[in-house]
Ligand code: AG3
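As structure tokens, one chain now follows by itself in the form predicted on its own.
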């Protein structure tokens, strides 16, 4: 019996370099989408190990297999700590994963401000969770730069979630202190802001900078961590800030059913930072 020779398409590899000498690779069964939007290169591939994978400018944003690690830890520590989250704003999050998790709660409205309409269109076609949540009557979708949106908005929110990409290109402004001052102006009295903060292995300088200015701006300023297998280093960090809500005291109430990673025990453990990270963040 002759050995089957894989096609060129089967052998196609996508590599994300975390440093010049190391990174992560995926062997694609099929290249489902590849096009450059006004803002960034968008690719979707199908793989054996992680299902469909979304890349933006060559960086993994989400996969079918492990998206729940990231989206649950981005959303639920804030949502479960707030006494009554009714008005929610998601900045970024065009893949719809954060929106999916927010809508598990009895919110009145969730606004998603995403800069790149093509990301939403592509993910609605290729990822199964986006189309159903897009049709939820509680969802308000705005195609806009998050910084411009919040500057022009006159609304206040119970929870603001920052689901941005890394601090380069169109997302760079979403990691700056001036942007967080604008966000704070749109928080209700017991409001919470939470968001992704990067890899504790590769992005320590950015984490230190963010920790410094957030601790000066808010009474309660915390970082927490969780695993994301396909993100650099395999562990990801997040921030939680508020002037009234302490996530270690007002935590994990009315957690939705059906989650795959987050629970009350994970909530408490996530805020217990490893020694090296506690030292780096002061």
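Since this is a predicted model, take the numbers as computed values, not measurements. Residue numbers count along the first chain shown, from 1.
One more form of this protein, predicted together with the ligand, exists but is not displayed; see below.
Chemist: Is the gap between residue 237 and the ligand in the predicted complex 4.5 Å or less for some heavy atom pair?
Modeler: So residue 237 does not count as contacting the ligand.
Chemist: In the predicted complex, is there a heavy atom of the ligand that lies within 4.5 Å of any heavy atom of residue 61, even though the partner is absent here?
Modeler: Because a heavy atom of residue 61 falls inside 4.5 Å of the ligand in the predicted complex, the answer is yes.
Chemist: So in the predicted complex, does any heavy atom of residue 232 sit within 4.5 Å of the ligand?
Modeler: Contact with the ligand, yes.
Chemist: Taking the shortest heavy atom distance, is residue 158 within 4.5 Å of the ligand in the predicted complex?
Modeler: No, residue 158 is distant from the partner.
Chemist: Just one of 147, 110, 81, 165 has a heavy atom within 4.5 Å of the ligand in the predicted complex. Which one?
Modeler: Partner contact (heavy atom, 4.5 Å) among the options: 165.
Chemist: Only one of 100-108, 138-146, 206-214, 69-77 gets a heavy atom within 4.5 Å of the ligand in the predicted complex; which is it?
Modeler: The contacting stretch here is 69-77.
Chemist: Taking the ligand in the predicted complex, which residues of 182-220 have any heavy atom within 4.5 Å of it?
Modeler: The stretch 182-220, when checked against the ligand in the predicted complex, contributes only 196 at the 4.5 Å heavy-atom cut-off.
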